[in-house]
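The chain below stands alone and is given in structure tokens; this is the form predicted alone.
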């Protein structure tokens, strides 16, 4: 059982961690960051939620599923979802490398567009490498959360 202080801190810290993770994901092709560190930060946010609210909170509170607390099937469903996220991320990462080949360019070639007037950023370059970063992001989240859920259920 966690304390009220832990649950309150989690409610404040988790959104901040997720915003930083998304920022690192978006700017990762141009500045330090990218899919890997954004995925690690997002996984950290999930771990904080798991510690503060329990493993079943994700299904009950976020996904809206009916769950009997502590039953193994809920953990199995969550692990299956994480494995699916891992697989989708791997497909996105590989696909982002193969698209340039289909367009007669070298593997993982990239290009970019510039967006002006973006709130907070003002000037934002979106590179095709963002698709690769998104794939890596999903692979890292899926892999780490699968490991954490399986080990945490032990």
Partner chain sequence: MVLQTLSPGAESTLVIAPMLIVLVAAVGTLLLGTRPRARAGVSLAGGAAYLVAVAAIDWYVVLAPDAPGAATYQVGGLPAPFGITLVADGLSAFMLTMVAVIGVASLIFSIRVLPELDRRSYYFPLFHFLALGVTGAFLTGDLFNLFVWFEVMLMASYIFVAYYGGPQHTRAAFWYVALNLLASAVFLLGVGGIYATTGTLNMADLARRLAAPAAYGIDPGPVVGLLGLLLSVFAIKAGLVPFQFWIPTAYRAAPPPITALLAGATKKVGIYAIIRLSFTVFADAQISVNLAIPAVGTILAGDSPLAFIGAVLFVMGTASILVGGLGAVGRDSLEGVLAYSSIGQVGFIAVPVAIAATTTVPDIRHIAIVAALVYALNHALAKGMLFLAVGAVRTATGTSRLADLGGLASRSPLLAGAFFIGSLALVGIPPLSGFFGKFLVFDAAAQAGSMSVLVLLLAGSLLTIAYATRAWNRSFWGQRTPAVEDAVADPVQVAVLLALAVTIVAVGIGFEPIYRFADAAATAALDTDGYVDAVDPNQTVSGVDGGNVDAGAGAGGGGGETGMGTEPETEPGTGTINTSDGGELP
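Superpose the two forms; the largest set of C-alphas matching within 1.5 Å is the rigid core. The model shown is predicted, which means the values in this text are computed figures rather than measured ones. Numbering follows the first chain given and starts at 1.
The form predicted in complex with its partner chain exists for this protein as well; it is not shown, and the discussion that follows is about that form.
So in the predicted complex, are 86, 91 and 105 all sitting within 4.5 Å of its partner chain, heavy atoms only? Contact check passed for all of 86, 91 and 105.
Tell me which of 117-125, 50-58, 96-104, 33-41 has residues with heavy atoms within 4.5 angstroms of its partner chain in the predicted complex? That would be stretch 96-104.
Partner proximity in the predicted complex: residue 46 to its partner chain, non-hydrogen atom cutoff 4.5 Å: No, residue 46 is distant from the partner.
Would you mind checking 108-141 for residues with a heavy atom within 4.5 Å of its partner chain in the predicted complex? Residues within 4.5 Å: 108, 109, 110, 111, 112.
Determine, after fitting the two forms on their core, whether residue 114 shows a C-alpha shift of 2 Å or more between the shown form and the other one. Yes, the C-alpha moves 2 Å or more.
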